[in-house]
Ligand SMILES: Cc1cc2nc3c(=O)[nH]c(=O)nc-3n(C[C@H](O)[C@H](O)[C@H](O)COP(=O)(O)OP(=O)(O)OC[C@H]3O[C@@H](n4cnc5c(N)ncnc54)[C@H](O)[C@@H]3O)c2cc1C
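Quick heads-up: it's one chain on its own, the form predicted on its own, in structure tokens.
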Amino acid sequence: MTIERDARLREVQSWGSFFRFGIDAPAVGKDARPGQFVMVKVSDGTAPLLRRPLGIHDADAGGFDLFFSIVGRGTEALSRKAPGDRLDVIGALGKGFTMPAPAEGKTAYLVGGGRGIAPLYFLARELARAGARPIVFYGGRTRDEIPIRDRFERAGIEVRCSTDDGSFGFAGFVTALVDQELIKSRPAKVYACGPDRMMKALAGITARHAVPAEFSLESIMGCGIGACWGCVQRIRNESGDGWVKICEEGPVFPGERILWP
């Protein structure tokens, strides 16, 4: 874990309420792994007081990217940052996705809904680099909620889209699209990030098809380092059911261990 108080916002892209930030922060970027997150201080003052947890969208030795949407006061404040602004970040935090071993030639399904697509770009690139074939299932309520499809495609990643209103791609929930594909083929693994309702439904689908799956959970976090117990989740382990801190033990968990509410 690194505290980088002088990270610099290098690049901003926006699509309505969705934003991608490119951030110069080599101390965080060089050690980041897919599925990890950072805690970002969004204001120089005390309002809002707490940092915001955001999944790492991409990373390299020079820094990292974030992809987020405005969902409250913190992300609204973050969205007003401009290239050249300083950012205070802590990261990379948490335990990320595990890679299939060996990955060469194996297919993996990556399922994301809305802003939950954020960590799957980094994961897709790393899977492709390892010789696997990642296929991204990207769902949104409307066409406007799948703004970075072309970013995946420019990286050579296959993308299959769905929209709840049928305005683009498969008409219906992304979980229905994945279920349809799992009837025809079986990937080595399914990775997912998105709304709890989507992931709970997907957990049932992957269990029914007997495909191993990992889920990146979202939660309100006070500290991001396991001190405040603000992000607990019921998990099944060898000694029974219990509560764990998502920031410390996750945010990524195997599907069979998660006890969904």
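Don't overthink the numbering: it's just position in the shown sequence, from 1. Keep in mind that this is a model prediction, so the values were computed, not measured.
Not pictured, yet referred to below: the form predicted in complex with this ligand.
Interface residue in the predicted bound form among Pro83, Gly131, Gly72, Gly156, criterion: non-hydrogen atom within 4.5 angstroms of this ligand: Looking at the other structure, the residue within range turns out to be Gly72.
Contact assignment for this ligand in the predicted bound form, among Ala61, Ile220, Leu49, Ala207, heavy atom within 4.5 Å: Contact residue from the list: Ile220.
Partner-facing stretch of 164 to 172, 132 to 140, 182 to 190, 111 to 119, counted where any non-hydrogen atom is within 4.5 angstroms of this ligand in the predicted bound form: Within 4.5 Å of the partner lies stretch 111 to 119.
Leu54, Phe67 and Pro251 each touching this ligand in the predicted bound form (heavy atom, 4.5 Å): Yes, each of Leu54, Phe67 and Pro251 comes within 4.5 Å of this ligand in the predicted bound form.
Contact test in the predicted bound form: Phe215 vs this ligand, heavy atoms, 4.5 Å: Residue-level check for Phe215: no, no contact with this ligand.
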